[in-house]
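Given as structure tokens, the chain that follows is alone and in the form predicted on its own.
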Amino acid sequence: MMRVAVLLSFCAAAAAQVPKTWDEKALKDWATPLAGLGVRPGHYAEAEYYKAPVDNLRTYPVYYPGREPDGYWEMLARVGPKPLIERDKIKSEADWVAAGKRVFEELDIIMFRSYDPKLIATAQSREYYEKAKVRPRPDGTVPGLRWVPTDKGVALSLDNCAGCHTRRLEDGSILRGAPGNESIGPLVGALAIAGASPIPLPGDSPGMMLWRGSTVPWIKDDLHESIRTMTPEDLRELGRGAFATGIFPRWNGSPFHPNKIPDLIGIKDRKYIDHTATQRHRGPGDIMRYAALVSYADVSDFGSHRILTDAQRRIYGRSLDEGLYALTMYLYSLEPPPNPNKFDTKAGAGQKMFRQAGCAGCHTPPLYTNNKLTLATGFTPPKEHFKFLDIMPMSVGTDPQLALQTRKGTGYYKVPSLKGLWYRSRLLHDGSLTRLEELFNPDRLGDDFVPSGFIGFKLKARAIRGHEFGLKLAPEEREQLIAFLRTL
């Protein structure tokens, strides 16, 4: 209750002046310089950003056939476009959080809206959901899909924030902000065209879209060049491995080295954004900027390297600053659910081991992170980085590919929080492991190890190296440590 009260007081103080999302001064030193290039990513000018058209439309859930309220489709056809955010109705601190919850749940991906009768019919088809093994939520809604009444009619679209950050727990309850674990089947590909792209890419084939989203032109023998000449079969195989529940080769990432969908619960206390600390988190404006960046406003300039064509360099639509601010206030308010794992004698022994082994040096209570950065293997940070980044001058041996061979490659990994481990299903930055038992299994260091999560393109087994703490524990000690970690 104390934290909520503090949050609401913070909202009250800030509500009178919503930060600018695209603030030129704040953008100047927001991003972390890229390893191997030594410069920060470029960005659209503030004037360019605010010239983009505002999209502020309410959206509505898609129901599993037979579960929708009476007259639901008729209501959608009749209601017309309604505003998502109504600034004049936000009167109190709690109103900001409530408005942010609506933004989180209803904000869709503007560029993926479709009026295609075939896709709309598919979204209303029980046969499709049964074949794709899509499970409705307890309230009858389908995860990931939204109806959007517009001036042109009712469009079908994809959830933005909620699509990746809503989790169904074992008891059927819905946990907002956590890494997603639900699927909507092939419809996501049909709507997204190229899932890794936050914007339309006119002139590109699906393969070129994937290449453009991941090419690293300043790296010699860049692996992503192979995408240009891949057969359709290889492209499908590459996509199947990288676009999976809980992992995603986001724009500037890589289908060869995808990244785990992060947990947004507790983001208020994190100093860096993304697994590789691509941006700093200094306050609400930075969360607003990040939401805009990954949704529609990434110019993709890196020093002298320009990724997009002239025709592709465009912001097709943007959210209101008030909408992104409300979203941030909602994310700041999120709390973890009650933990079903009780702190018993076994967990107590694990906690003692955690302390004695020095784990708290990096995973410091009560956040269970020290909010610092560790080095990717093979990376030596420039001296000036120590002036504006919290760097631990050491590496824990984590696979360096995401941190050194992608456009998210800063050379660093942030020390993750261990809070909420019990409800997550992907471990390590690439989601290669799905169980704590795997993390503490010494067999994972062998090249014949078969991880339960991400394996890799055309691989059937591979070593999962790095973070070798705890691999030499006796079986009983391992069980005790895992029991403690699951209580966090």
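Sequential numbering from 1, following the sequence displayed. A quick note: this is a predicted structure, and the numbers were derived from the prediction, not measured.
One more form of this protein should be noted, the form predicted in complex with a small molecule, which is absent from this view; the next part is about it.
**Q** Among 89 to 97, 202 to 210, 158 to 166, 143 to 151, which stretch has residues whose heavy atoms lie within 4.5 Å of the small molecule in the predicted complex?
**A** It is the stretch 158 to 166.
**Q** Which one of Pro381, Gly317, Gly241, Pro416 is close to the small molecule in the predicted complex, taking close to mean a heavy atom within 4.5 Å?
**A** Flagged contact: Pro416.
**Q** Which one, Glu105, Asp274, Glu182, Asp321, lies within 4.5 Å of the small molecule in the predicted complex by heavy atoms?
**A** For this set of options, the contacting one is Asp274.
**Q** Quick one: does Leu428 come within 4.5 Å of the small molecule in the predicted complex, counting heavy atoms only?
**A** Although the small molecule is absent here, Leu428 would touch it in the predicted complex, with heavy atoms inside 4.5 Å.
**Q** Hey, in the predicted complex, is Pro284 touching the small molecule, heavy atoms inside 4.5 Å?
**A** No - in the predicted complex, heavy atoms of Pro284 and the small molecule never come within 4.5 Å of each other.
**Q** Can Lys408 be called a contact residue for the small molecule in the predicted complex at 4.5 Å between heavy atoms?
**A** Within the cut-off, so yes.
**Q** Heavy atoms within 4.5 Å of the small molecule in the predicted complex: does Pro338 have any?
**A** Taking the distances in the predicted complex, the answer for Pro338 is no, it never comes within 4.5 Å of the small molecule.
**Q** Candidate spot Ile219, His224 and Ile307, all three in 4.5 Å heavy atom range of the small molecule in the predicted complex?
**A** Checked in the predicted complex: no contact with the small molecule for any of the three.
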